[in-house]
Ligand code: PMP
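The chain below stands alone and is given as structure tokens, in the form predicted alone.
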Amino acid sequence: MDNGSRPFDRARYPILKRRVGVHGGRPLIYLDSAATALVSQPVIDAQVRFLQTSCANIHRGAHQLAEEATDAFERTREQLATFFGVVEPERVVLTHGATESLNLAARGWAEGSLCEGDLIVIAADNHHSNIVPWQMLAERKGLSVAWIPLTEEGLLDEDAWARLLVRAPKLVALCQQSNVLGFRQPSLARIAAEAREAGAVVVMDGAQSAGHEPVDFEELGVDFYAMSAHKMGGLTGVGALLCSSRVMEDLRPVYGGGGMAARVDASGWRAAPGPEAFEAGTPPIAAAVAWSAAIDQLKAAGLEAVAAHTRALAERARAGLSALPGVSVLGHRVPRPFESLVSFTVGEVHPHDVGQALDAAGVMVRAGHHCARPVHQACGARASVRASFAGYSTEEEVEALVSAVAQLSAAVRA
């Protein structure tokens, strides 16, 4: 802990020493962790150490460096299985990120398991990564797609879900935490349980929850769970897909090439056993090894402490921004705590212009539709500004955000 006040020691993040804003004279206030979390020095060191000592390809060579690299890569798989409560590490497939993970679920399982006319249900609070792959699949296979819409408050419409459930969907796509709405959907666990009880496979995007709160995959009761390392303090370019036993046996390789085949000859090919069948080519080895260090950091901090910290900051931002004239916070009418982010608009000012104004003050936020257009449509917003928090974020940074938005709001109304 950092002086008992933050889960992560800010001194371990070299980038926080930067000066930004107008004339480079302001301290960096990074409030865009939902897009990419900052990387600590131990994670950087883990990657550099691997490249300096064991830089080799995996599962191929018999020399010492290749064996060391393979061991380091497989340790990350085993660590992910332990961290997320997956009983068998073989059901952890390493990918290049949550987007590839969700596409693997679509192409590797649903492509061969769903039939023309089958129903796919998509929750409208999903990121595009858990929407578009299913729409593309529906076009290829002649599947039916229906939505669990959002109410004006941003809640999943439970009556609409009840009507969809009786239609016996074959697959239901959910997100554990919206990357736009700050709160956790109160009906999420029940919808997932009802979907599986009805025989549907449940696919969950966990990109915004993994590393922010404790997640036990087996207890979660879903079939596919996707995540990205760079949302968890790791590097870009690596992620994972957690698979239940019932879908793993029917998952088929999507990419053909090196490392994924046990046999290749003139008569055909046979897939390698285990997750290697779905990890064709050279994976992001150094990034995967660095992910292990990021997980160590999360374990040392304690996910309960991380969740409590980001929740307190998000609620502080929610209260401060909601009190400003002309500022509207998406999802503010739901009486549930915001977990790690807050999205808002400032009158008629375009979110991109708000983002630029905050950038000049040294406050880094995300502006746009955040690859979640259906959420914004449901909330009646063309786009929004998003401030998101991590274990290194501070109350002072939240106050700087609110102060900067207050000045902008006052200037717009003057």
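None of the values given here were measured: they were computed from a predicted structure. One rule holds for the numbers: they count along the sequence shown, beginning at 1.
Not on display, but discussed next: the form predicted in complex with the ligand.
For the three residues H127, D205 and H230, a heavy atom within 4.5 Å of the ligand turns up in the predicted bound form in every case. In the predicted bound form, the ligand sits within 4.5 Å of a heavy atom of A98. Contact check for N179: a non-hydrogen atom falls within 4.5 Å of the ligand in the predicted bound form.
Contact annotation: the ligand lies within 4.5 Å of heavy atoms from the stretch 205-213 in the predicted bound form, the single such stretch among 290-298, 71-79, 205-213, 86-94.
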